[in-house]
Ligand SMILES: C[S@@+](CC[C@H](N)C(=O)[O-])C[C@H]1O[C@@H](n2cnc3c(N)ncnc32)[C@H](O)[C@@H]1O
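So this first bit is one chain, no partners, the form predicted on its own, shown in structure tokens.
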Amino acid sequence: MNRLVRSHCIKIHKRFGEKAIRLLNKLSLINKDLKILNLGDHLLIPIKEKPSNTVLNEISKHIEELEFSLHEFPVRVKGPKTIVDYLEDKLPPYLLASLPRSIDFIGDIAVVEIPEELEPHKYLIGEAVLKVYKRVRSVLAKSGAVRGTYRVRDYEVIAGSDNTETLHKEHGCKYYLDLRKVYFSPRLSYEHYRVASQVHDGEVVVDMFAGVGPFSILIAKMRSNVLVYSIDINPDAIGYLKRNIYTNGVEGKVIPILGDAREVIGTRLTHIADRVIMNLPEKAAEFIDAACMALKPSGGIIHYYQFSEAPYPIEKARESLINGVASAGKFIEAILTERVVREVAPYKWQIAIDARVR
């Protein structure tokens, strides 16, 4: 049963409720330790103290028909702020240090990586994530690496719903996806924006490994006059891509194509692109010749991604790109950007290189 506390409050008709709450928040008057109460057609809003005449005059300028009174309010029950808070009395101290510090949020799904020593406690960790992050519907634990032609990963549901389809929002775009059927990483959010912001009106873009469309759709949303050919070999990814094209209103600007990128470019998209996106870091080096084939005869920009290990990961990725472009009979006129996107394993990183190819 909730504990009750007597407090000063404002009684106001519900039609003024939202306006009153905004104003009282602005004046730092609301007592957020107590719950706002419904009382018929009125709200009782707990406040920290009875307002001074100056504050009362300010409130009266904006809100009519309010009353001040005293009332008993239930105290808000505050939940844990972190999963460590939730688990500190449920796990031995030596295991608390191993708890996942990084959680990926994809729509209303949370994805965690469970260390081996915490495997027996994974369901408790899933419960903790649900308790701390109220918007999360399902908690998934990674059960293996991204694998196979379709680039999917095995997950185990450790808390919440078994439904792994969700709606993820990023940079004003909406993406429907199912994590068990397609690849998606919220950690590439900045990359999606960084690349899309470089595209100019009038360009033709080939997104060689498009997935559910985070590069393609954002480009089409940011530019009024572009054409993006979005290729993926995974039929589930193309299914979601088509749905996302419609959801984001970019029909006709993003063209979804199911198939192997090399074959699609060789048969349909030779020498048409101003820009090619190669977000397949584990195998992109094998497709550099196809990317060069997609570029216009005058050349264009390649956004190249590669997993690369220490020492000198950027230099290794650059060498792979230079050699691949040379083997395709082209040359790199300029390296525009080189950056480490993220660490994917100890001493292994995802590298991004933007290059102008002639």
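Residue positions are given as counts along the sequence shown, with the first one as 1. Predicted model, so just to flag it, every value in this text is computed and none were measured.
What comes next is about the form predicted in complex with the named molecule, which does not appear here.
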Practice task
Indicate whether the candidate residues Y86, A110 and K131 are all in contact with the named molecule in the model of the complex, with contact defined as any heavy atom within 4.5 Å.
Solution key: no
Practice task
Report whether the minimum heavy atom distance between A210 and the named molecule in the model of the complex is within 4.5 Å.
Solution key: yes
Handout entry: Contact test in the model of the complex: F215 vs the named molecule, heavy atoms, 4.5 Å
Key = yes
Handout entry: Any non-hydrogen atom of R151 within 4.5 angstroms of the named molecule in the model of the complex
Key = yes
Practice task
Evaluate G259 for contact with the named molecule in the model of the complex, applying a 4.5 angstroms cut-off between non-hydrogen atoms, and reply yes or no.
Solution key: yes
Fill in the blank from the handout: Counting only non-hydrogen atoms, the one stretch of 113-121, 280-288, 68-76, 221-229 within 4.5 angstroms of the named molecule in the model of the complex is 280-288
Handout entry: Residue (of A141, L188, V199, V136) lying close to the named molecule in the model of the complex, criterion heavy atoms within 4.5 Å
Key = L188
Practice task
Identify, from the list I233, V204, L167, L96, the residue with a heavy atom within 4.5 Å of the named molecule in the model of the complex.
Solution key: I233
